[in-house]
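A single chain comes next, written as structure tokens; it is the form predicted on its own.
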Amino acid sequence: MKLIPTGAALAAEITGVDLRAITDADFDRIHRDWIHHLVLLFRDQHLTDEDLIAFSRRFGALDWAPVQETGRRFVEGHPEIYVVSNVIENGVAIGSLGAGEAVWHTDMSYIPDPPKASMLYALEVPPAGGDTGFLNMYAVYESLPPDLKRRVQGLQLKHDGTYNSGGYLRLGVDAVDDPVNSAGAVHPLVCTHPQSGRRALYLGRRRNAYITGLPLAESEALLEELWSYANRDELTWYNRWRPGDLVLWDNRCTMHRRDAFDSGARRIMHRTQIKGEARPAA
């Protein structure tokens, strides 16, 4: 195996590895590189759903995928697989999130114990668009001025459970645009990574977010200020997908988003998520 850092604020590519046939020593190295670089890219993989699940389980127990907007499970017999796709077959969407932009977010931060990691495997990709960006939330926290770091220390943020990152209403949830009363889980705004020991800003996503205990106007103003530090290109890395790409990222210290693409093109990705735990406060 060879590690090739991207040169950006996060992420590295690992070459010379077939994820269907790695040793325990290979996995230990991959795990160390993942903790250090936050995001890992493996190109030219040839994985079945069973292979993807087996590699994912090396990192821990897996979450079952959320039910898609239509109420259907995604892959028969593999509840761990979440399909991200715009493809329609026989009038029914085979996956979720369509072809539009997916805004900056952290996966499933609206539940009490969010997944610690996600993997996305590319089966079909459009000729242009649909790139996925990743944001280093250690670097975002470290970029805050000292007075702002002091302000956010000890604060709790409610992560909205009403809408997904594509803007679609989650199944079984009423449409609510009141941040104070919308459904969601509460997590520390600043978290300490349990393995690296580093602090990260844990923003989740912007829509309906609410810093508990503050008047709504004060929460909105503080969140806008914090997001201004997160919306910085120099803290990101983007993957231009190829079929056979697998990307692994750490949900505890990154956010990600997706560019829109031509809805007439096909994009099919399979995702798994490794179970996590409540976010420890800094």
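Residue numbers run from 1 along the displayed sequence. Quantities reported herein were computed from a predicted structural model and do not represent experimental measurements.
Beyond the structure shown, there is the form predicted in complex with a small molecule, which is absent from this document and is the topic of what follows.
From the candidate stretches 179 to 187, 143 to 151, 206 to 214, 104 to 112, select the single one in contact with the small molecule in the model of the complex, where contact means a heavy atom within 4.5 Å.
Contact criterion met by 104 to 112 only.
Consider the chain as shown here, without its partner, and state which of 122, 97, 81, 191 has a heavy atom within 4.5 Å of the small molecule in the model of the complex.
By the 4.5 Å heavy-atom cutoff, the listed residue in contact is 97.
Any chance residue 252 has a heavy atom within 4.5 Å of the small molecule in the model of the complex?
No, residue 252 is distant from the partner.
In the model of the complex, does residue 86 come within 4.5 Å of the small molecule, counting heavy atoms only?
Output for residue 86 is no: heavy atoms all beyond 4.5 Å of the small molecule.
With the partner left out of view, is residue 132 within 4.5 angstroms of the small molecule in the model of the complex by any non-hydrogen atom?
Taking the distances in the model of the complex, the answer for residue 132 is yes, it comes within 4.5 Å of the small molecule.
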